[in-house]
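Listed next as structure tokens is one chain, alone, in the form predicted on its own.
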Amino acid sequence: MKARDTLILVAVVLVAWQLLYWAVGSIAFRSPAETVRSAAVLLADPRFMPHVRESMLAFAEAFAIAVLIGLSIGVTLGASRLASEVAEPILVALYSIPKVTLYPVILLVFGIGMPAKVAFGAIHGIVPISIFALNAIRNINPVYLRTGQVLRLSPWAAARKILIPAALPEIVTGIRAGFCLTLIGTLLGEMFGAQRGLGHLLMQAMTRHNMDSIMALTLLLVVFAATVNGLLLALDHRLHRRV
């Protein structure tokens, strides 16, 4: 059933894409077939893969940092009712700040290159992961906590057997949101402060108004993001069904 729904969704997107191409024209758009051909040409070019590896390495590092710091902040604050109530509005306010305004500071601190991309990607993912983790810990059913007390579990045993399984579904939801935002942040970092990577290639294509490259790069990024997000969504649904 889900596979059929996915195929229907893909078909609808392709039809809408083709209709939009017919409406807009080739000056500002490319058809699905042309985009796929351009993407195949990019993938066959040996000069393209170093940029892919650069972007994936920067994203992987940024995402790992965002998850580690985000979960640490969220779990620590969520364990205290007072701390979570005070911190949540602050985190929401930080989340609403346009991250682009922080990019000059990132460049001054880290310079142009890999560290700046990683830092800029990580700051996009830390706050949403923190907020979801905070709420996941804070909203754990008190019955679970009392069960741990009745069973006389140690704090570590209670966390491992009760708290983490109860909070995990919402934490995974936060990680899914953090994944998308960290990817966006990493690409933005490459667009404005890097000499390599997919974001850098995308900025070059935009500067030259190379629609073939713009559409091909966008397609590849969308396929990657949709694939990983689909896997995380499947894990999210499975964990929520178990709760």
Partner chain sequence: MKRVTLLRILVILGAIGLLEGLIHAGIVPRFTIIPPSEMASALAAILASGKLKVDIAVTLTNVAVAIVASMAAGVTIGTVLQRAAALRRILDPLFATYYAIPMYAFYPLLIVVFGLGDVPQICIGFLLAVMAVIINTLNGLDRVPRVLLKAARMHRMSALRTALRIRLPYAAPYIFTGFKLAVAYSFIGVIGAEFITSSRGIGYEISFAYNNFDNRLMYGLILFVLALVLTVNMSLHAWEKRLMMRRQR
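Numbering follows the first chain given and starts at 1. A quick note: this is a predicted structure, and the numbers were derived from the prediction, not measured.
Another form, the form predicted together with its partner chain, is not on view; read the next lines as being about it.
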Contact at Cys180, His209 and Val222 by its partner chain in the model of the complex, all three, heavy atom at most 4.5 Å: yes
Interface membership of Pro89, its partner chain in the model of the complex, 4.5 Å heavy atom rule: yes
Pro142, heavy atom within 4.5 angstroms of its partner chain in the model of the complex: no
Interface membership of Gln149, its partner chain in the model of the complex, 4.5 Å heavy atom rule: no
Distance check, Arg176 to its partner chain in the model of the complex, heavy atom within 4.5 Å: yes
Options 50 to 58, 64 to 72, 191 to 199, 37 to 45; stretch whose heavy atom lies within 4.5 Å of its partner chain in the model of the complex: 191 to 199
Any residue of 32 to 64 that, in the model of the complex, places a heavy atom within 4.5 Å of its partner chain: none
